[in-house]
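Below, in structure tokens: the form predicted alone, a single chain.
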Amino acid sequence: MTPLVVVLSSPSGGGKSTIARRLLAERDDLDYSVSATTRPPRAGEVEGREYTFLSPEAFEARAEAGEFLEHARYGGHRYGTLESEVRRVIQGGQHVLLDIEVVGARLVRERFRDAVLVFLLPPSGKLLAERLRTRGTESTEVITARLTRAQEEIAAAVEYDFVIVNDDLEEAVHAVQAILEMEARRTSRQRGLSALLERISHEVAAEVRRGDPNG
């Protein structure tokens, strides 16, 4: 099997990080590409688990060195995917999960044409706003900016391979799981498929000859 590059995107508060954590906890064939960011850690976040936290200067230096697969500015901070992280997971034979926003997803698709892009929609704009406000970690101005940005992101959902409404967490996780299972079985992703088809074809031919009295 060829490892998948899987992108999860949603507006801020859309649930992509929660679903990503569930997928990683439930699948041993999936690993996370830890993004880098210049924003400060939130309560409970751990360096190297949720993000690699960098100063603006350190982030810029790594961007200048070409170390990012993609990077963008979001909510006043910079976010990026280190290409070394993605390669590390792929070379280990696991699917790689990227929790990134729309601009980053477009750049990943440019580099990995067969990447699987999944967009998570909130069930309503009101619920999305409530999720952001109940975090209690951001100012009213920042929340308003995130909601304004969400309108652009939701419009971009049509660029993705799959769109899932995150109304029920269990159902949303199950839907992403099903996508991973089916995508992994695409003909183009199955290593050794030609050899398997040839072997079974020869075995069927042998059975035909065995049943042919004139064979």
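Every value quoted in this text rests on a predicted model; they were computed, and no experiment measured them. Just count from 1 along the sequence shown to find any residue number.
The next section is about a form of this same protein that is not shown, the form predicted in complex with a small molecule.
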Though the small molecule is not shown, can you say which of Val46, Val158, Leu169, Ala178 has a heavy atom within 4.5 Å of it in the predicted complex? Leu169
Any of the heavy atoms of Arg131 lying within 4.5 Å of the small molecule in the predicted complex? yes
Is there a non-hydrogen atom of Arg135 within 4.5 angstroms of a non-hydrogen atom of the small molecule in the predicted complex? yes
